[in-house]
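Coming up is one lone chain in structure tokens, specifically the form predicted alone.
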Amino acid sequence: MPGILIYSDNITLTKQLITAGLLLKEKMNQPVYVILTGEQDLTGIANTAADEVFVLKGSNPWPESYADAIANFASTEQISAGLFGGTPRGKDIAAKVAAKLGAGLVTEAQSVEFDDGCLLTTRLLYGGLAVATEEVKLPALATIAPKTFEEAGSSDKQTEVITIEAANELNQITIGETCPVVREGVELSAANRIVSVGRGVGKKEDLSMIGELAQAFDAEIGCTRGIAEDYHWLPVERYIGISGQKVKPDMYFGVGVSGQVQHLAGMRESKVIVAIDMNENAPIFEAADYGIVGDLYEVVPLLIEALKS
């Protein structure tokens, strides 16, 4: 029967998509189907109030090989809406499924609603300077980035898990060799608190002060593009921005960050934004919940002292 399809190659993101799916269910009165591929972990999925969980069983371990199988499932079940994780693999699979179904696809959706037979979505444009509202007639698909929604909570309902054979998995896809990316520190996108440093910091040696502040906040250190790519003071994986990391921490603390649009696009979804900058007209203050206009070399030591005491 018609329903709402949830898929991501990242199980944590799958739980977040279930939250969005359950919100659609309230308006559409259709069941929420979760589909998993290969050896994905079922932990925490079977009790999230989803109506059914389907596991595509096949011999190929790579998610990319299951696009045809997912499209076939969506067609057979007459899926009305599909929510896909906004990971590189998720976007690839969503595009292939949409093409095979002849369905519309919205990428990087910030919100999804059902209205008058359409999937109504919003997404950011021009690095966050504008918000686009789009209506797509059903069936429609959307990709959603991590942390756009909270993870679905536990439910007393035990969802049925059904294993189905991926009859049309694409076995031509093979991986000859993998080279893991060695990252320094944690993945910024998973951090709950971030202290970010910008060009307002005068010299590399002053990063020790920023590190002390981050330690006092129990936070990870991020930075602007200039710090990582021009000065090379921090590794590029700590760069936050439109072409860098997209973060949504509970608290973002900008130190000497002026707040150019490229950087704001990577952190504007933070729950609480605090900023320190000498320039009271700095763009960062337009996005900040709390702002301190002052010399960071005076303010930061006082903050560290206060936090330690």
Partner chain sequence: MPRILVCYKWVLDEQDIKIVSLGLSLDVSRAKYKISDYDKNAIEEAVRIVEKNGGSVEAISFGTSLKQSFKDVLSRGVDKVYAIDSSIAENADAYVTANVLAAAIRKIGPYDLILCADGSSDVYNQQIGSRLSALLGLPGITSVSQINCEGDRISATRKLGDCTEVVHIKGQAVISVLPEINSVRIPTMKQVLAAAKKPSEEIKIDALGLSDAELLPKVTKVSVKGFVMNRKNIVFKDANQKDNVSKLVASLAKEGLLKERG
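Just so we're on the same page, rigid core means the largest C-alpha set that superposes within 1.5 Å between forms. Residue numbers count along the first chain shown, from 1. In this text the structure is predicted, and so the values were computed from the model without any measurement.
Keep in mind the form predicted together with the partner chain is missing from the figure; the text below concerns it.
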*At 4.5 angstroms, heavy atoms only, are G102, V131 and I292 all close to the partner chain in the predicted bound form?*
yes
*Taking the shortest heavy atom distance, is D218 within 4.5 Å of the partner chain in the predicted bound form?*
yes
*asked:* Although the partner isn't part of this model, could you tell me whether Q158 comes within 4.5 Å of the partner chain in the predicted bound form, counting any heavy atom of the residue?
replied: no
*Should S270 be counted as a contact of the partner chain in the predicted bound form, where contact means heavy atoms within 4.5 Å?*
yes
*Using heavy atoms and a 4.5 Å limit, would one call E52 a contact residue for the partner chain in the predicted bound form?*
no
*Looking at 93 to 101, 69 to 77, 201 to 209, 145 to 153, which one sits within 4.5 Å of the partner chain in the predicted bound form if you count heavy atoms only?*
93 to 101
*Though the partner is not shown here, which residues of 283 to 306 have a heavy atom within 4.5 Å of the partner chain in the predicted bound form?*
F285, E286, A287, A288, D289, Y290, G291, I292, V293, G294, D295, E298, V299, L302, L303, A306
*asked:* Once you overlay the rigid core, does the Cα of F73 travel 2 Å or further between the shown form and the other one?
replied: no
*When you overlay the rigid core, is the Cα of K246 off by 2 Å or more between the shown form and the other one?*
no
_When the rigid core is used for the superposition, does V236 move between the shown form and the other one (threshold: C-alpha shift of 2 Å or more)?_
yes
_Pairwise C-alpha change, E151 versus V274, in the predicted bound form against this form - closer or farther, 3 angstroms or more_ = farther
*asked:* Closer or farther: how do the Cα atoms of A95 and S243 compare in the predicted bound form versus the shown form, where the change is at least 3 Å?
replied: closer
